[in-house]
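Only one chain is included here, represented as structure tokens and corresponding to the form predicted alone.
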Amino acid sequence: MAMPEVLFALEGRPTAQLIADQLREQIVKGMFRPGEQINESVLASQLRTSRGPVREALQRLCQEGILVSRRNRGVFVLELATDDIREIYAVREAVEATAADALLDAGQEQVRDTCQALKAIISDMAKQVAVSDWQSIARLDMQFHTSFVAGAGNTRLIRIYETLAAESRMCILNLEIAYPRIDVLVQEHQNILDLLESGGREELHKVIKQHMQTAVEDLTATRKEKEVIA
């Protein structure tokens, strides 16, 4: 598959980090399909830069697991199998449960600040649900969970979760899924927020677990349907 003629515009001299950030966003949006090769020289030409920063950017995304380097063949976009989906959401559950405990142990001020950020995201999500903007819904969905984890203030948890969030968006958008329970999507996130705000630790863990299990069921069911159609 040919690479898009116009990938993204970068102001000034692009750095490896900037290229990696922009390329990651294009991948999770589905601009590059699962299994598609990323051509280093073509990408460098499009960005009007040398191959050095592009090579470093691709290496960073390989380390994150979003790209896969195959010996003597090149770099390819990760193809997510059913087992990958289950693994991603199992680790997300573990990280979010850990973040929930850290937040609740941190005190009311930290919880309050996190809840304020989550409320704003839920408000934006409700607006996008009303117009069925799936790209924006998927982005806000992951923004909610990333902000939830970030509230714990653990930089390593945040770093781990950012990769999981990108992979989750790939699961959703590359499978071309419209959220099957759109009518309860906002409420599911509101439930997480309410339990964090009230300090219901045990119930919060249960809701997080159920939220992840439901997502896996939706994603794997849709994958099976697409395979049958194919």
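Not measured: the values here are computed from a predicted model. When you see a residue number, it is the position in the sequence shown, counting from 1.
One more form of this protein, predicted in complex with a further copy of the same chain, exists but is not displayed; see below.
Contact annotation: V42 falls outside 4.5 Å of a further copy of the same chain in the predicted complex, judged by heavy atom distances. Among heavy atoms of I88, some come within 4.5 Å of a further copy of the same chain in the predicted complex. a further copy of the same chain is not shown here, and in the predicted complex it never comes within 4.5 Å of any heavy atom of E197. Residue contact check for A150: none of its heavy atoms lie within 4.5 Å of a further copy of the same chain in the predicted complex. Exactly one of the stretches 125 to 133, 108 to 116, 70 to 78, 140 to 148 approaches a further copy of the same chain in the predicted complex with heavy atoms within 4.5 Å, and it is 70 to 78. Each of Q63, R156 and I160 places at least one heavy atom within 4.5 Å of a further copy of the same chain in the predicted complex. In the predicted complex, A94, T98 are the residues of 92 to 118 with at least one heavy atom within 4.5 Å of a further copy of the same chain, listed from first to last.
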